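For reference, the chain that follows is the form predicted alone, supplied as structure tokens.
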């Protein structure tokens, strides 16, 4: 009965999404007429299908699911040539992730008196890698999912934007090209339905249960006797990014981004923190080269972090990740992509031999994927892709409480509308 009910709800959402897509398409030209030079409204909606084998991916995807819906609506108002305000509302249904909730993706005041200097204040998109700031635009991305080693979908709600202030600008380097920068300071948030918070809850419950099974004289007094709730708060966050567009080698873009962050964990509404995670340094090095109808992209990432929980170190050391992707556009509206993507939970233990929380293969994830993108017209785009995976790192245990397989695969298809 439960499975039938989930299927019924999934079908209702699919029908709702289809109706919304049709409604947007029928009124897109009318809405465009209402826009002015100083006030603009744009939006997007997409409906997808996700199916995986052996492991669930981001949802209960084994056997297939239509619970793969995104809707966004954004507005921008120019108060002056140098001053504008804007924001975006976002709805996502991806299994139990952000289910039936509307959130504020970003909302900011943007003041730029000079090309080389501007200020952004509010909830501002975080400049991590080449694509984090436009990760939700299907029309700008060749595949449905960005490479997960750098743009982990389970961390989207935390690393999409920062709450604070940023300084940015761009300047010319003469005949060498142009360079842009973005420096920021603030904090981030952890929504109550985020995968990160749910994974943290799983870990806390497991430790409390394990502690309670020990003899009283061997139990750790730092752990509570029961679990009620968990909360994670952002303490310190700052970073920056540089992006260079070469005029010497046409089509070449080089980027570097950095992030430092500290998060504190509180269990059972205690005023005393139960754990802490410090990202000593997260950096991403990026390169993109466009030549004729080919685009070559590669990014490299390391994240050095330390995590403690109930007075014990649970994770210490840097991750390592990289990917390479080739996009080929033989015709104006068709793009074919090939991706290879690697992630290691610990750079110095790629074989997972020191991992005690699970099988060694939960310490890495290697992804080979292929995809196709069809830009139907100025408003519609359709995509499909398939991935073969070795390894089960990156929050996979949360979606697979009954165990993980080393070798698995997943496919996805999605159609999107934007105006």
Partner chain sequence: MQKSTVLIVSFLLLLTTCLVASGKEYVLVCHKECPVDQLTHREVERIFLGKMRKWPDGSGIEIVVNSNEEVHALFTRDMLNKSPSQFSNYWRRILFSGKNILPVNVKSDVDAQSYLLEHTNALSYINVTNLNSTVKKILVVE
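Positions refer to the first chain, counted from 1. Just so we're clear, the structure is a prediction, and the values are computed from it rather than from any experiment.
Keep in mind that the form predicted together with its partner chain is missing from the display, and what follows is about it.
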### Message
Does its partner chain, in the predicted complex, lie within 4.5 angstroms of each residue among 125, 134 and 139, using heavy atoms as the measure?
### Response
yes
### Query
Does the 4.5 Å heavy atom contact test between residue 268 and its partner chain in the predicted complex come out positive?
no
### Query
Do residue 54 and its partner chain share at least one heavy atom pair within 4.5 Å in the predicted complex?
no
### Task
Determine whether any heavy atom of residue 40 comes within 4.5 Å of a heavy atom of its partner chain in the predicted complex, and answer yes or no.
yes
### Contact test in the predicted complex: residue 413 vs its partner chain, heavy atoms, 4.5 Å
no
### Candidate from 251, 191, 311, 281 lying within 4.5 Å of its partner chain in the predicted complex - any heavy atom
251
## Note on the structure
Interface check vs its partner chain in the predicted complex: of 152, 342, 110, 201, the one with a heavy atom inside 4.5 Å is 110
### Message
Looking at heavy atoms inside 4.5 Å, which stretch does its partner chain contact in the predicted complex, given the options 351 to 359, 369 to 377, 62 to 70, 387 to 395?
### Response
369 to 377
### in the predicted complex, residues of 68 to 87 near its partner chain [heavy atom within 4.5 Å]
74, 76, 78, 81, 82, 84
